[in-house]
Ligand code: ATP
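There is one chain below, alone, in structure tokens, taken in the form predicted on its own.
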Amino acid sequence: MPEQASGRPLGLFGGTFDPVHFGHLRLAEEAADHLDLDRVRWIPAGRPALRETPAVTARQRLAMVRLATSGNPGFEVDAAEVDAARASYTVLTLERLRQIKQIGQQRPLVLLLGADAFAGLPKWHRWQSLLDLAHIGVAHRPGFPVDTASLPGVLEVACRDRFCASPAELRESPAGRIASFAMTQLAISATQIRALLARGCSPRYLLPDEVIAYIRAQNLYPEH
């Protein structure tokens, strides 16, 4: 792992975003604040590896993410995974990003995950290589910090001694550390939104109005 970092960390927020909603947006916003990130790069998955292929296209999900993030200068969107021929594996995405000149090998990268996704890392493709390529920022419920003792055994061992006492430590190396932060709890899920739309119910106040307008214009998630 490189020994010297360069610049403020770049947050990386990947996902299916089927559809993107306020829970996603709030996680990215609070991660930027708590972890002192320079920016957050959203990376919609083209073909997610650990779930069924979404009913809407990758290009449509990308369009919704662009609409949802367009008003925030601290957010940017990476479209490269959308047209990739392979399934979207996080470790391959990180390897791709490290080859980009503007990022390189020295820039601190912080992969943003929810606590449940973090606990499930051992199911991910080449998961043990993730911390060689990036730090990990874990969002958890207020009052329920990440408990290493409750993690799966192999993950607990891999993460031992990697947790940061302060997010400032993320600036000291390009990869290899874990920081956690409490985020505002919003009981919103993409599954819930799709179910509402399938029943013909309003998803208003669960996701941006611009995204709702796009969903209706494209006739996404039609009523059953």
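In case it trips you up, residue 1 is the first one in the sequence shown, and so on. Predicted model only: the values in this text are computed from it and were never measured.
Keep in mind that the form predicted together with the named molecule is missing from the display, and what follows is about it.
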item: Partner-contacting position among Pro145, Gly114, Gly104, Pro152 - heavy atom within 4.5 Å of the named molecule in the predicted complex; value: Gly114
item: Selected contact from Ile188, Ala63, Leu197, Cys159, since only one has a non-hydrogen atom within 4.5 angstroms of the named molecule in the predicted complex; value: Ile188
item: Stretch in contact, per heavy atom within 4.5 angstroms of the named molecule in the predicted complex, of 134-142, 81-89, 95-103, 68-76; value: 134-142
item: The named molecule contact in the predicted complex: Ala32, any heavy atom under 4.5 Å; value: no
item: Contact of Gly15 with the named molecule in the predicted complex (heavy atom, 4.5 Å); value: yes
item: 4.5 Å heavy atom contact, Gly23 and the named molecule in the predicted complex; value: yes
item: Touches the named molecule in the predicted complex: Met183 (any heavy atom, 4.5 Å); value: yes
item: Within 4.5 Å of the named molecule in the predicted complex: residues from 54-70 (heavy atom criterion); value: none
item: In the predicted complex, whether the C-alpha atoms of Asp36 and Pro142 sit closer or farther than here (change of 3 Å or more); value: farther
item: Shift in CA distance, Pro142 and Gly23, in the predicted complex relative to the form shown here, given it is 3 Å or more; value: closer
